[in-house]
Each structure stands twice: as structure tokens, then as C-alpha cells.
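Below you'll find only one chain, the form predicted on its own, shown as C-alpha cells.
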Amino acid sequence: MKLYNTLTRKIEPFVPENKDEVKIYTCGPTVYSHPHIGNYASYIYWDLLIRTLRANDYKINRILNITDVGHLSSDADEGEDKLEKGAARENKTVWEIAEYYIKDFLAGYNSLNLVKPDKITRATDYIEQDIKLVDLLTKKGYTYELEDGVYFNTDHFSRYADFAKLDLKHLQAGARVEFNAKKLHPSDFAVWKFIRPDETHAMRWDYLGRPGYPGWHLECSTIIHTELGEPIDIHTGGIDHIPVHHTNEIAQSEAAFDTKLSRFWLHCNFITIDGNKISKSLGNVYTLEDLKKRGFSPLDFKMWILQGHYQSERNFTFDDLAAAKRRRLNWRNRIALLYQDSELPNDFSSGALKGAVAASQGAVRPSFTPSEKVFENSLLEHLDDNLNSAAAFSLIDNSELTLADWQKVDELFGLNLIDDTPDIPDSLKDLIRQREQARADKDFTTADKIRQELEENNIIINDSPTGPIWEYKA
């Protein structure tokens, strides 16, 4: 298995440090509003990572964090905490905001059929460990105190610029993080923020005799150290995390614990919408619920995401989403063919599919035999090549598959193809037989009425020289 490692800027063979456990950390959401489809894209990509690792027989220990404090609106060291902003917007407490949007995020996560992490952690459950980490960094000479917080001195960490290839000598103050004129260096960042007397920050904990809260970057270092231990095998996130959040994570973790934070770093690229950045001001912030209102399921969106590569910038359009929906429906109807015992005409299906129909009648989840693993191995070869799901999808499009093969597709991509494509009940099969008899009797009025009734039950009939073939309408 090979993966692109941001740390080295090249594709490398992946081998975990401990063959019995792959330690993975995923930067999770800041829970202050509904996640949009761009937010969910990263979790779809990393779901594919987890499924591919499992297919390679690796045991996974994965943590996904939830930021419920400390993520400032500038993603730097100034501005309003995002949860405080959400609370003010909805006239709720920050604790209520966090609870509501955690449930909202997880509902969307589950609707996408994403593999559940081994543990979901909340930043507010690690405040004591945060304080210990700040104390350790201070003891080792990496911090200094200003009026508004405790800052990490990036000049004391010689490798600070390496990960993001930063040019610190020419780094313009305020170009990367919001500028505080009292900071020793423009790249310095807060590991702990103090609450000023005029601030009404609800989430607060005492440190150094003053109320405050942890810096956004600190929580990930703390959670990784507490739950997984350094070094972990894979750290995932978006490319926007590279120059600030992940750079700062590396600095504080490696300065504190004198070891590499992560051996592999995987970053997914952005999604644009109709060629534009996702932005409220442009009115193009779509949620999964927005897609549902337009007739698309979360799994249609997952299908669209997996048609591309995690390192490529993707441009979302509803036309492309509609095409992905049709492709998923086509795959489901290829499964539906395998439930039917009629002979299929040459212009409707491949010969192998015709032969597979009778053999697969009534089978739902047959197990593989060694001779059947050719497709499975070919599919995994594509995914082992830096998660090349686009090539894997092309293989699926151009292969003659059994139900066992489709089961493997579901295991690797989580598209619920078999579960969403049950064999039709006997009552609908009886209607199909009644329609055939009506056609034989030249009673086309009755035949048309039955066709309409079948369509009302989401079933389309295709007449062929060898008999009717049913498929799902949607």
C-alpha cells in the first residue's frame, strides 16, 4: 500500500510502526453550525483510507476529535470563538450549541455510512492535560506570556518552517495568522488564551491565576498524546491545515515530547462549487439536507466524492451530482439483474450477467471462494495505489460482477448498494406476471395500468424478446 506523505512530499510505501495497530488521528469539526458538503468531503476520503487499511488486514486505532472550544473565527490568535459566535447567533449557551451541532454532525456522518472511529473525543474533556502540556512547554523554554495569552516561541523550534515549507524571513505579519504587535515573531501562536475583563467568554478555566481557555492547536497535540501516544502512523486533515494548524501541532508536540508527531500526513484538497470557493456571501453553502431537498441522497454525494481523488481540487455542480446519482443507480440495477431468473437479451446485458442471474437467485451475501478473488484483488490494487478510487470505479464499470463482488464493493466504499437494492417482493413479481398475461391477451389497457402501478412502487419494466426485466426507478 502506497500513500502520498505531505511530510516528504512524495508517495511512499505505508508500513505501520507496529504491525498489530495502525494509529490514526483525524481533525474533526468545530461544532458551531451545520457542516456543509465541503466539510464532509474529507471524512469520506478518510473513510476510504480506513476501509482500504482494513482490506489489507490492518487493525485500526483511530481517534476523531471534536472542537467544542478555542477555535477562533480567524483560525489564529484573535477574533471571536466560533462557539461563542454560534451561541450569540441562536440565543443559546455555548454548551447547548456544542451538543446540538455534535448530534447534527454525527447524523450526517452516519447517513454517509462512514466507519465509526474507535473513539470520538471532545476538546473540553482534556483541559487538565492541556494545562500540563503548556506547563511542560514553558519548563522547556518554548513559551512566553503576553497580556492576552501564553505564546509558543517558534524561533526556539528550529524545524518550525519545514513541514509547510514556510519562508519565515519574508513572512509578512498578518498574512498567515492575525498579527499581534507584541508577539516576538509573526509566526508565534497562542497555546493558551486569557479572557480579558471586557469579554463574556462562557467556557473558561483558571490558569496562572486568570480565566482562559486552550489554543485551538493545543487540543490535537493533547488528545494524540493522551489517547494514542507519539508517533502516530497517520494524521489526516485538509490542505488548509498545513501552513498553520498542523505546523503548530508539530511544533508544540515535538518540542514537548522530543519525538516525531506522525509518520504520515494525508491532506485532502478543496471542493469548489460552480468554480467558486464555498462561501455564505456567495450563497453556495450546501448541507446534506439541502441536497436531500433537491432529490439527492447522502450516498449520491459520497458517490460523487469517490469518483475523484483526495489530492485533486474538485468542482461541485448539481449536474455532476445527478450523473453520480445515475451511476449509483446503474450499479444498483446491475445487482437487481442478478436477482432475476429470466434469460436476458444480448443487447441488454453481458453474457456473464445472463448466466449469473439464475445462479445468484435468492443469494444476498455469499462468501468468496479463492477463484473469485480476481476482481477483489484488482480492486484493492487500485486503492493501494494512493487511494485511487477513480480507477477502481472504472474497473467496476467495466467488469462482470457477481453478488459476492458487489459485496466487496460495498465493503470498500460503503455505498450500501446491496442493502439499498433488495429483491422485489412476491406481490410485485405477481404484478409482472399479470402484466405479461395481459400483453399475451392483447389487453394493453390492463398492461399499461400494471406498468403504472409498478412505477408507483419504484419499479420500471423493460420488455425484451425473452421476457420482462425489472429495475429500480430511483
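One rule holds for the numbers: they count along the sequence shown, beginning at 1. Note that the structure is a prediction, hence the values are computed from the model and not measured.
Omitted here: the form predicted together with adenosine monophosphate. The next part is about that form.
Against adenosine monophosphate in the model of the complex, the set 6, 225 and 235 makes no contact: no member has a heavy atom within 4.5 Å.
Contact with adenosine monophosphate in the model of the complex, judged by any heavy atom within 4.5 Å, is made by just one of 95, 270, 157, 257: 270. Just one of 278, 161, 390, 323 comes within 4.5 Å of adenosine monophosphate in the model of the complex, counting any heavy atom, and that one is 278. When adenosine monophosphate is considered in the model of the complex, residue 328 lies well away from it, no heavy atom lying within 4.5 Å. In the model of the complex, at least one heavy atom of residue 39 sits within 4.5 Å of a heavy atom of adenosine monophosphate. Proximity of residue 240 to adenosine monophosphate in the model of the complex: non-hydrogen atoms within 4.5 Å are present. For residue 71, a non-hydrogen atom is located within 4.5 Å of adenosine monophosphate in the model of the complex, even though that partner is not displayed. Judged by heavy atoms within 4.5 Å of adenosine monophosphate in the model of the complex, the contact stretch among the candidates 28 to 36, 419 to 427, 401 to 409, 56 to 64 is 28 to 36.
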